[in-house]
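First, one chain by itself in structure tokens, the form predicted on its own.
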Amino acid sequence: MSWAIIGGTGLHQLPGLEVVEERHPETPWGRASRPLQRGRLNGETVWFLQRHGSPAAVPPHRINYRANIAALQAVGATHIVGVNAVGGLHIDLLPGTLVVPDQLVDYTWGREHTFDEGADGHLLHIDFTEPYDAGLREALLAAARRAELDCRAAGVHAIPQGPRLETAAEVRRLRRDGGDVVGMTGMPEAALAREAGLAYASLCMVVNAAAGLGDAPLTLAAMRETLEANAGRVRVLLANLLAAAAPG
């Protein structure tokens, strides 16, 4: 078992990670958003990748998701937690709330969403009924319980194209479709991990009320403030996750 964390907006470094090496492997789809960092978090080894890159900021629709997943697979990662900054689609999903979604609805378009280009003569039809790995989801929730962190045990992750935020009418549509949180980077990351045979789950942090559901204006500064204020909780949860999976 080899762990990887993919960070999103506001999580440019994994708090507490002691980096011991960096790798930037070539893949058939190019290079990942930035070099992969291998380090130790509370004594446990983990790979970290910032999906938006750094210092550059690759927007959600331009991320090379195929290269990111292929690079993590190339260094031996078997279990991936994607950390996503999201908007809350219900008034009880306040900024700072952690959610481990169990379903998603993909509204993206135009992204390179599969490794299957038909070159080998075989069609790749993955079973995506349950888009997140059940065992990894439960491990995240168990880690939250051990750390005494409030974490929603299920939810539907609605994934629009971006990079703009949604209109109030679009938010009403996402809610009618059953969405609970909305964020732009969950797909095709989850599907590519499934194609690659990697266990994948999402850890979402609500950073704002979605359009039309709150009184405060939607600003990136406010979202980053929420992320920075709650980064320690994400670190504690992930440290508990890794510690529980350590041998012995």
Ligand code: HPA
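For every residue, the number given is its place in the sequence shown, counted from 1. Nothing here was measured: the structure is a model prediction, and the numbers come from that model.
A second form of this protein, the form predicted together with hypoxanthine, is not displayed here; the remarks below concern that form.
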Item to check | Per-stretch contact check against hypoxanthine in the predicted complex, the hit in 26-34, 201-209, 41-49, 186-194 (non-hydrogen atom, 4.5 angstroms) | outcome: 201-209
Checklist entry - So in the predicted complex, does residue 166 come within 4.5 Å of hypoxanthine, heavy atom to heavy atom? => result yes
Next on the checklist: I'd like to know whether residue 151 contacts hypoxanthine in the predicted complex, with contact meaning heavy atoms within 4.5 angstroms.
Outcome noted: no
Checklist entry - Just to confirm, residue 87 within 4.5 Å of hypoxanthine in the predicted complex by heavy atoms? => result yes
Item to check | Any non-hydrogen atom of residue 182 within 4.5 angstroms of hypoxanthine in the predicted complex | outcome: yes
